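Heads up, the chain below is alone and in the form predicted on its own; it's given as structure tokens.
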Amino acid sequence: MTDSNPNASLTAPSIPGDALPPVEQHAQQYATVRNAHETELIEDYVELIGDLLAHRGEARAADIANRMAVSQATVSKMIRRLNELELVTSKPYRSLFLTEAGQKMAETSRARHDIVLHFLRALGVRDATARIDAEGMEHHVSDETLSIMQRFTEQQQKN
């Protein structure tokens, strides 16, 4: 019988004292992850709207639903939330538009996504896998880690 999980044979190196950090650090780790989870869906929607506007000239709820594999009702709820947060403007039966704050968020999210994606590719991760992994990782890496990822990628491109 074979294991269908390709990562089943992976084991982390055992480093004494690395498994349980001090309480304050551990609490900060979880707080950081919770904060990232709170904003990641908003960032994903805003990033996609920005991408659709840049590449297609319009961002329609139906296009967002198709690309995110969710219902139009789900997209409508998120559009209302993005309106309340003043990240998008919308009119019935018209394209969505990003506010200045929405545009800034979209650009930041796209830049983070691109850094992680290019880093994973530089490591040799297949494109399809890198795209999936980057979609989640972009929200959970620090600016310090992003900077190092970017430097690593640039060094790999020079070699």
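If you're wondering where the values come from, they're calculated on a predicted model, not measured in any experiment. Start at 1 with the first residue shown and count on from there.
Quick note: we don't show the form predicted together with the DNA, though the next part is all about it.
Interface residue among I115, A61, L52, A130 relative to the DNA in the predicted complex, by the heavy atom within 4.5 Å criterion: A61.
Residues within 4.5 angstroms of the DNA in the predicted complex, judged by any non-hydrogen atom, belong to 86-94 and to none of the other stretches in 130-138, 116-124, 86-94, 102-110.
Mapping the unseen interface onto this chain, L41 counts among the residues with a heavy atom inside 4.5 Å of the DNA in the predicted complex. Interface residue remark: V70 is counted as part of the site for the DNA in the predicted complex, having a heavy atom within 4.5 Å. Although the DNA is not shown here, in the predicted complex the stretch 74-94 places heavy atoms of T74, S76, K77, M78, R80, R81, P92, Y93, R94 within 4.5 Å of it, in sequence order.
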